[in-house]
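Just one chain follows, in the form predicted alone, and it is written as structure tokens.
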Amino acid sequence: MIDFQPTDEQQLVIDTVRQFAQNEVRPQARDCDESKKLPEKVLEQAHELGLVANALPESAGGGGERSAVTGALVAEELAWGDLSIALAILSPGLTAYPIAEFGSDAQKQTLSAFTGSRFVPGSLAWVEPRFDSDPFRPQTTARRDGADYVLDGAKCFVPWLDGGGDVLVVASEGGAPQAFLVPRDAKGLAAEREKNMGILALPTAELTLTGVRVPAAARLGGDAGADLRRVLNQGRVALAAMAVGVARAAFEVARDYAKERIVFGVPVATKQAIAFKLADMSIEIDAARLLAWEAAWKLDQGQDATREALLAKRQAQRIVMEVTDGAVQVFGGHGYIRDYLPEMHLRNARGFASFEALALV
């Protein structure tokens, strides 16, 4: 059965990442949002902690200890600090995790780049810029042409951090989704930075692929291909956990503000309407977290977690909007001012309804 008590090792991970998020990530959040730039020093510090590398195979220099539950715990704590920075820190897993799980022997040789001495970002292109984007029916196509594949289509919400190598592009091959490792400088690949409502510090790009040619060996898993449904489920669990982290951050600042804000001689938190709102926030956050944990647990058991992962993501994206909007309301007029965190939490939370596989566990 699923155990709701983290192991001693997992609790140590939680404590370590929470301290890192509190001391290094959270203090940078507002400045990074305003400047639309990531803190490179923090990314390097996170890499030294091995938050992604520890989950990669020992043969590639990693720790060989991948667990979806542990990954969800890490994702929540980092997103509690700041969503943009959290997504950047975990971006190496977008490329490295699918390769580690499904890559060919030759592809797995590239994993050492993610366990080296410096931070190397990853990138996964799944979502498409159309209203009916379906992760299992991409309109981006991959056509076999001799010893190569030719890719055509468009992608959006693609993490595009400086220093990245190949981008993993999901395309339809014969009506089924497969993934292909495409060099960023490939002929026919164009990237334009997006102007998003939230996650302003994280550079994301809209990609256009026009006759992009890659060798057949670039297909993830080679001739065997890859189980992209599992990859998508890992992404949905990660996003659910991150949504919980953002919601928890918004709840905590609203709770603390309500205790300190004096209106008519008493703290706002003593007002029934505010007290009930905060209680509902806390209940919903805990419930969303349990759904994410259940889906992560099924992934760790090697079971099909499609239903649980989708439920966790849908519920978490609803809750994070309700909680962040509630936090703005608790702050009153101050909640609309950029000097306070709730407005940033709300802008970031709005993206979860559109995100897909922006992080993996």
Partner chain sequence: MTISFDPNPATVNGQKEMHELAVQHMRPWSRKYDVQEHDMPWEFVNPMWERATGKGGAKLDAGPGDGMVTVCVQTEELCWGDAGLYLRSPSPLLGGSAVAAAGTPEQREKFLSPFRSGKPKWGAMAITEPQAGSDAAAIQTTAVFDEATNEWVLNGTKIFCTAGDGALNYEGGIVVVWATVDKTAGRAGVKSFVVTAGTPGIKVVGCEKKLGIRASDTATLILENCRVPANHLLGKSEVKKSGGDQGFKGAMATFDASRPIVAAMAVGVGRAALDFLKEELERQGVTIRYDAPPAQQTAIERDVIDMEAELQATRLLTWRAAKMLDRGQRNNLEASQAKAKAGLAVTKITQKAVELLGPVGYSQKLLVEKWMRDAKINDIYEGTQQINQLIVARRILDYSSSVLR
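Numbering follows the first chain given and starts at 1. Keep in mind the model is a prediction, meaning the values are calculated, not measured.
The protein also exists as the form predicted together with its partner chain; that form is not presented, and the subsequent description refers to it.
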Residue among A106, A287, A190, A176 with a heavy atom within 4.5 Å of its partner chain in the predicted complex: A287
All of K271, A275 and Y336 within 4.5 Å of its partner chain in the predicted complex, heavy atom check: yes
R318: touches its partner chain in the predicted complex, heavy atom cutoff 4.5 angstroms: yes
In the predicted complex, R347 touching its partner chain (heavy atom, 4.5 Å): yes
Close approach of L12 to its partner chain in the predicted complex, 4.5 Å, heavy atom: no
Its partner chain contact at G265 in the predicted complex, heavy atom, 4.5 Å: yes
Proximity to its partner chain in the predicted complex (heavy atom, within 4.5 Å), stretch among 277 to 285, 212 to 220, 240 to 248, 116 to 124: 277 to 285
Those residues of 138 to 160 which, in the predicted complex, come within 4.5 Å of its partner chain by heavy atom: C156, F157
